Structure formats: C-alpha cells, structure tokens
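First, one chain by itself: the form predicted on its own, in structure tokens.
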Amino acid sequence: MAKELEGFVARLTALGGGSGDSQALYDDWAATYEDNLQQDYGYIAPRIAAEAFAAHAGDKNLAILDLGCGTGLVGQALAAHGFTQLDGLDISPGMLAEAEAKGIYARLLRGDMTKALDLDGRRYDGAIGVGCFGGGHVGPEHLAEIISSVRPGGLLVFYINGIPYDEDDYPAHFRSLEAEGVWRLETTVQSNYMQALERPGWVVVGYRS
C-alpha cells in the first residue's frame, strides 16, 4: 500500500489562506523537516527544479534568489550544479536558521511572499521557488510580485504542487501574465515529486519580460 500523508505533511496539505498561516508550522518542523520529507516520503522536488534551472541557465555565475528557501534543499541542489551566488528568502525564522547552517547562501532574508518583497532594491538574474505555492502559502495572485524579483530577461523556475496547480488554474494565470507583458512562459512539465507516494507537480519555466 502506498504511504499516506501524516504529521506535518498532512497538516501542511490541509492549510488554507496566506503564507502567514504556515509560519508556526514551519518553525516547529524545521529541525526534522529534511529527514521527514526525504526519508519518509522520498521528496525530490528540489532536485527536479534545480535540474530544470540548470538546463535553462547558460551562466553558473547568475545571482539567484531562492524563494521560500526553507532549510536550503533547493540551494544545495543548485550548488551541486555549480551555482554559487545564492540568496534565500523565507517567512520562517526556524527554517532560515537551518538554511544558514548549510553555509551556501550569501544572504538570507525573512519575508512574506504574499506581500510586496523587500529586496533592498536588488533584482536577481534568476529566481527559483519550490514548495511555496498552494494552501497556506503563495497563490497565483502573487505571481506578478514574485516575477518582479528578477531583472528583465531573468530566468524563473517554479515547482508547483499539482492540486493547487489545477484548482487555482495556474495555466490561466500564466497566460494572463504573458498577455500583460509581465513574463514569457517557456515550458511546463509534469512529474511526481515524492517517491513514496503519488504526488504530482509541475515544473514551470519562464522569463521576465
């Protein structure tokens, strides 16, 4: 029988509303987050997204913002591909403390992606966001602000859980943003991001206009 969701993962899946709803959960989860997701569920979304980023980035020296960086799993995956200029952003101090211990980020910023991002006026060459979309997190209405974190022409890679992707009709929002001249959608590819159970998600690649 396939593994069922339980514990923090089940609580996270049940969340609704803005990203602030998830902060306390992530603070409580931070110390065991990686073992829980990777060992219990075979979580591979960071690796999938980092591979997509590397496939579309022609320069390893890009300044990259890791959106919803958590404990730094995506940063680790990017570093394994040779990227070295990494900043991370997350709402949870507990998760940021775990990420800082990895020593792979130049800067770690605390921020709520459902609000205007305070990046000290900086715009990045690329941004990547994994696991930061859906109930208790970021919604499609926040995409324009997230996209603005990169310079014109900058690369954006998102990994989005298949449930909010369908329920919130992300493809329609992608098309609308493209029609408005906010970004250019390059590709969307579906995959399973938990090896211990069926958990579909989408890699989304685009460029800021």
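Note that residue numbering follows the sequence shown and begins at 1. It should be emphasised that the depicted structure is a prediction, and the values quoted were computed from it without experimental measurement.
Keep in mind the form predicted in complex with a small molecule is missing from the figure; the text below concerns it.
The partner is absent here; in the predicted bound form, the one residue of Ala127, Cys132, Ala99, Leu86 having a heavy atom within 4.5 Å of the small molecule is Cys132. The shortest heavy atom separation between Leu78 and the small molecule in the predicted bound form exceeds 4.5 Å. In the predicted bound form, Val138 approaches the small molecule with a heavy atom inside 4.5 Å.
Interface residue remark: Tyr33 is counted as part of the site for the small molecule in the predicted bound form, having a heavy atom within 4.5 Å. In the predicted bound form, the small molecule stays beyond 4.5 Å of every heavy atom belonging to Phe174.
For the three residues Gly154, Val157 and Val203, a heavy atom within 4.5 Å of the small molecule turns up in the predicted bound form in no case.
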